[in-house]
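Presented as structure tokens, the chain that follows is alone, the form predicted alone.
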Amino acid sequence: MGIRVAVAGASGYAGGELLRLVAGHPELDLVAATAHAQAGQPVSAVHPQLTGLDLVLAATEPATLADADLVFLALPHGASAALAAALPETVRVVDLGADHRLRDADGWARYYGGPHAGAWTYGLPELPGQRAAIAAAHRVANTGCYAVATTLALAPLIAAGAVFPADVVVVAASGTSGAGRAAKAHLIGSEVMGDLSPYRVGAHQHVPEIKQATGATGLSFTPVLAPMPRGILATVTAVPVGDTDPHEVLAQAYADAPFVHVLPEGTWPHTAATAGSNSCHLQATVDTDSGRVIVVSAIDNLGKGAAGQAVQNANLMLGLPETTGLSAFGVAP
């Protein structure tokens, strides 16, 4: 018998990816999966890719989850805090929602609204000191998807004093799975295919999280919906300080990070190369005309941006090697 794990919110895209990763994990036993409207349905009826996983979705109730050693919460923003509070303190929890990411209550009120539930340990192992903090924690707040792609590209440069934190510009394109599985007219194939569209321009909810995680003090962030099911490509630019080589800063920062790959100079990240993996691909240069530092980052938004990251955090919390049950390699074509 392995470590008992439950997934709340298992009917969504991130929840389905969690089920897939947990089912293939050598140390974890999936003992419960819950949903709301889909409760009572076999997992395979909701996620055909998981045919053979003999489990029925239960209602999302604390009693269904309380016997697990660790619970993943893959719920909408604002829905995790009450459920987590109802679970025994002995149960480890990784929250994929935003409820416990922000330390600043005013930032929560401004970008999300409602009561601030308080901050948990932030679940990005590649930040300095975070592996140990996550390993010691019982409650971990998983990162946002855009926040992962941007933070991994930017945080080492700010920490090294290589760029000014007050002038950071990010434009990031994301696949449609980042918007969730609920039926929405603007996400149907006829609307998305052959189109790129910005959204929440100047007011995206990941802005305060990115600033908190990177140390940026001035951030312009523009998200773009791209006609692909999964993946994020983020272009991060900032004003350099001195003549520090940004590629070398990133290479040194992630020399021992199993899931972050700083690509050889001249090779640029693209989303297909990270699909199905828990990896982030990075490349950096200095713009010939403006002199700004440019870092391009690619991740799978359901992998390193959600479920893969959550399993990586869970591994650390459970005393397992952080790579257990995860792949650093994408799938192609």
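All values reported here derive from a predicted model rather than from experimental measurement. Note that residue numbering follows the sequence shown and begins at 1.
Below, we turn to the form predicted together with a further copy of the same chain, even though it does not appear here.
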field: Contact test, all of 36, 78 and 206, partner a further copy of the same chain in the predicted complex, heavy atom 4.5 Å
entry: no
task: Only one of 70, 32, 50, 28 comes within 4.5 Å of a further copy of the same chain in the predicted complex by heavy atoms, so just point that one out.
output: 50
query: Among 243, 195, 106, 256, which has at least one heavy atom within 4.5 Å of a further copy of the same chain in the predicted complex?
result: 195
query: Would residue 136 show up as a contact with a further copy of the same chain in the predicted complex if we use heavy atoms at 4.5 Å?
result: no
field: residue 318 within 4.5 Å of a further copy of the same chain in the predicted complex, heavy atoms
entry: no
message: With the partner left out here, check for me: in the predicted complex, does some heavy atom of residue 226 sit within 4.5 Å of a further copy of the same chain?
response: yes
message: Contact with a further copy of the same chain in the predicted complex for residue 130, defined as at least one heavy atom pair within 4.5 Å: yes or no?
response: no
message: Based on heavy atom distances of 4.5 Å or less, which listed stretch (212 to 220, 121 to 129, 245 to 253, 91 to 99) is in contact with a further copy of the same chain in the predicted complex?
response: 212 to 220
- prompt: If we check a further copy of the same chain in the predicted complex, which of the residues in 291 to 328 reach within 4.5 angstroms of it by a non-hydrogen atom?
  reply: 292, 294, 296, 302, 328
